[in-house]
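A lone chain, given as structure tokens: the form predicted alone.
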Amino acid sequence: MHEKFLKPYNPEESEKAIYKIWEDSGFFNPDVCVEKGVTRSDAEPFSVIMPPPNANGSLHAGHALFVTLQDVMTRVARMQGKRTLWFPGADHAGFETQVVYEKKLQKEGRSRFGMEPKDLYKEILDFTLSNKSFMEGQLRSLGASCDWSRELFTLDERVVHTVHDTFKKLDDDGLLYRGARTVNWCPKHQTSLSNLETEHEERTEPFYYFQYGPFVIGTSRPETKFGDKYVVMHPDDTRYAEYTHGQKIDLEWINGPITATVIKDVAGDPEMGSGVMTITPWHSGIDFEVAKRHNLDYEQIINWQGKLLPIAGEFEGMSIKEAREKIVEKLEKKGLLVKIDTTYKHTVPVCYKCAREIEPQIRQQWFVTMKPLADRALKALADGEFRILTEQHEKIFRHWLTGIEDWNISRQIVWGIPIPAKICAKCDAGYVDLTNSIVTCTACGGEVVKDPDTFDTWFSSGQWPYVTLGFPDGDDFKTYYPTTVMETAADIIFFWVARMVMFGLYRTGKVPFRDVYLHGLVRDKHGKKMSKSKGNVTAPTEISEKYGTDALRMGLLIGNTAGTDMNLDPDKINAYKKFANKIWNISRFVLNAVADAGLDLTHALQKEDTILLSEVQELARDVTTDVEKYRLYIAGEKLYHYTWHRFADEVLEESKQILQGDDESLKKSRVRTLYEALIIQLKLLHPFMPFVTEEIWQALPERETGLLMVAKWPKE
């Protein structure tokens, strides 16, 4: 018997060495597989693009899940002889990373607002590259068999070049515009955010009713009302038939007498309150649209830091919270407070990173016109060009794209891909300028300056599949695009998946992937979402160090159906550590039998042994079908139950009597059967539990390949 089986399996001792053997072999690279005859040059391609982890910290449990799922798919495809590419990458993660770095600066008593942009960029770059290297080591420790020779960072030159080229093409095609529109502004982080980057908190807050001339108006935000000089009502509201559009009304308001103008518009809701409202166009998207329809003027009330501007008079410089009660007190003293409803429930948009209330602000930004892109993506889905494997997520995908709004892609941050544009310092007109050649505004003749903004990270990430593969002329693009499957987290179906589909069709004319497999959240063992504040975050490296990576992978896979959340319970992981030990002990038993009775793979099989082998071959067929239908959790469970409960508990126990008997022919038949059955099970288990199976493979006396990772997948 091989000396390694004289002691129990120790993942800590073997995993790094095994991974080094894999990586040194070059077989993660499909080109090497072709060169060394492992894969035919004309073999069916299989490709997966890794969702690039944020290079700003350690991996979390969700990363361990995507690595496991994608690695299983990749290893099976490679063993099936397909030309298999798993493309790795790392994401600069613009806003996310800058927020992480801002926290670091805060601990050091510094702020980004006191730094030169180029100095801040350099610091974040050094921080990110350091974390990137650490993160890639963690991916290796999880067994990721991706082709590191192709690894790409989302700030690499060819990524930036393609992203800039797409920006220009959108402009050329009339799908890009720069305009003053309402954006979601975070006063803390001093940047605009997309609708997807805002969360909504349900709150119970006071709702105030004020006398506004002859009308009663309602609001939860009296601090925005200083500039309200338009009163809106529905044209068909008979209660206000006596008032005409454009009519002027003199009235007393917060800081004295004003003249209000009546506006008849369908935005007025007769069913809500009195049916009359005033509008604050600068700080409300709905009000802004009303103002645009009627060419009304508007003024900023709250500045970019969340403080009241001079228009607020005595309240200038106050924060919203500080000013609100004082404004209400003043209106009450004037006899203009009608009543306060303290039971008003509504949702408040907040920044998804700091939970600070979003302040709608009007700002000149770059916007992408999304409807034409969305319509094309919906048609591709309807035509079966790609499929989303979970029905509920397909419905969500369709719903979001059907009601999609234009996308603000400008971010007021340093860290990211710069927007290649010039802005007129005089009239604020914007010009796409990839060659840095525009020096004068064509609209007013004013001087132009470089746009200081960067792209929304998802603008570049949405182009990831074709960028990574070298669009438009790269060999990888020609061979592997569209990719086979996009496996990623269900919660970024809007952020990433939908945008990849839209951009892929827009730039290449083809969908970027054929299948979309979405996984749910990894929660703690009690089903609660992991968060640092709760103290329930479980790092995958902690688990793998304690139980072994194979056990972690099986614990993440089994019982984890596509699109649903799962609980990560250390007790469950421990059960699969015992399973890894069971596989080790099974192998030791079989190799002991080989050592005692000899191995003759040509020896005729007894009928009972033929039946036993046919069982394992049937298992191989079932597992193959499950994997190809993305039922990885079922495939893993079948392997677990067969190997432990059928093969170990029954077949090996029944074999002891034969192996201890005197009939040499029966012994040789049974040894051959056990050995061939072990070979098939090791191959089937390898994508799921690559380390322990490779370690055992290296000890086999007769094996078809030097490495299990490139052995032929069982066909029957």
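Everything numeric in this text was worked out from a predicted model, so none of it was measured. Position 1 is the first residue in the sequence shown; the rest follow in order.
Quick note: we don't show the form predicted together with the RNA, though the next part is all about it.
With the partner removed from view, the residue among Lys426, His245, Lys578, Lys371 that has a non-hydrogen atom within 4.5 Å of the RNA in the model of the complex turns out to be Lys578. Note on the partner interface in the model of the complex: the residue among Lys36, His60, Lys656, Arg40 having a heavy atom within 4.5 angstroms of the RNA is Lys656.
For the marked spot (Ser130, Lys132 and Ile680), a heavy atom within 4.5 Å of the RNA in the model of the complex is absent from each of the three residues. Although the partner is absent from this view, Arg588 contacts the RNA in the model of the complex, with a non-hydrogen atom inside 4.5 angstroms.
Although the partner is absent here, Glu359 is not a contact residue: none of its heavy atoms lies within 4.5 angstroms of the RNA in the model of the complex. Looking at Ser614, you'd find every heavy atom of it more than 4.5 angstroms from the RNA in the model of the complex. By the criterion of a heavy atom within 4.5 Å, Phe315 is excluded from the residues contacting the RNA in the model of the complex. Note on the interface: of 315-323, 340-348, 430-438, 461-469, the segment with non-hydrogen atoms within 4.5 angstroms of the RNA in the model of the complex is 340-348. For the stretch 396-427, the set of residues having any non-hydrogen atom within 4.5 angstroms of the RNA in the model of the complex comprises Ile396, His399, Trp400, Glu405, in sequence order.
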